[in-house]
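Next up: just one chain, as structure tokens, the form predicted on its own.
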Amino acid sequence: MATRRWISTIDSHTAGHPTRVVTGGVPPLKGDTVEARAEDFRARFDPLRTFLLHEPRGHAAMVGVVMTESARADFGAFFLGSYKYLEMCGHATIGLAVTLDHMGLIGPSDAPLSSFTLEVPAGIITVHVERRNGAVAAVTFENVPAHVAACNVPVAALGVNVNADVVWGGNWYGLIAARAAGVELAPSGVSHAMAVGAALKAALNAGINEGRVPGATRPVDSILFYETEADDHGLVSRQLVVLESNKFDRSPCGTGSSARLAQMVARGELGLDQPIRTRNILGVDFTATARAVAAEAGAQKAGAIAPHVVGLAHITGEHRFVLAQGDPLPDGFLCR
């Protein structure tokens, strides 16, 4: 079979959400930083993103990772979304860590702990891989500082009237109480949540773009619906992240969990160094803890915290994707 393109990947899922790490087939990228190389990829090779993430090889929720060199960290990487490029992605960072372990690139498999730094467009993060009996048991990433930009912003759409907090956690989120929005945090409620979330996101971003949300300078990437619970082991934040009308995060969301930490600390609902569990609609948890921002991190936004998020990913396959000669859909497609 004649082919015009091939790309190799290792796939994993983090609490149900997929990550596709590119291991071969991307041409050399230009730029002195990871952010610059991501922009070069966007300018010259964006069809590779849609080829890998869109149907028929992917779907709306697929997330890709492109590795690149870094002058500032042990590794460099940037994140591909089905609709946009991401400055940071927590579940994909966990998936990348497990993939690097699978490839034997972060230390011997019998070592109880391996750590590395990772340059992403949002900044430098530190990742720790914990092993038990030769297998990865947990991945912790120390995220970029998170902070609340705006509180109690009125938002209305589809007959729903709620308040949103605008929070940075590596990406921008509008945080909204699920019950107030009439959203059920369960698999059966996903379709309704995506419709409501996409409409509220559009309404919130219209206000931000028109300068009607003091403190918010950029549109939100997603809406995070949440409920807070408690059990014998402490606080649980049940949550569902809606990115688009046809896209939601299956995992508890790493950057979303970071934003949730910042919100809860700002509200006085959570103290520094007090862990919570963030839980997805499938009942799988991350553990998230707000730490004090290190002094060497430099000037930060008022009230910023340093999120530490713990989760686990599992390898699902190794792939070699090809573009056959004459394929009528060379760049893939998405249907909303």
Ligand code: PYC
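So that there is no doubt, residue numbering starts at 1 and follows the sequence shown. Not measured: the values here are computed from a predicted model.
The same protein has a further form, the form predicted in complex with this ligand, not shown here; the description that follows concerns it.
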Within 4.5 Å of this ligand in the model of the complex, all of L86, C89 and L243 (non-hydrogen atom): yes
4.5 angstroms heavy atom contact with this ligand in the model of the complex for C253: yes
Partner proximity in the model of the complex: D165 to this ligand, non-hydrogen atom cutoff 4.5 Å: no
Partner contact for F225 in the model of the complex: this ligand, 4.5 angstroms, heavy atom: no
S237 within 4.5 Å of this ligand in the model of the complex, heavy atoms: no
Proximity to this ligand in the model of the complex (heavy atom, within 4.5 Å), stretch among 117 to 125, 151 to 159, 189 to 197, 165 to 173: 165 to 173
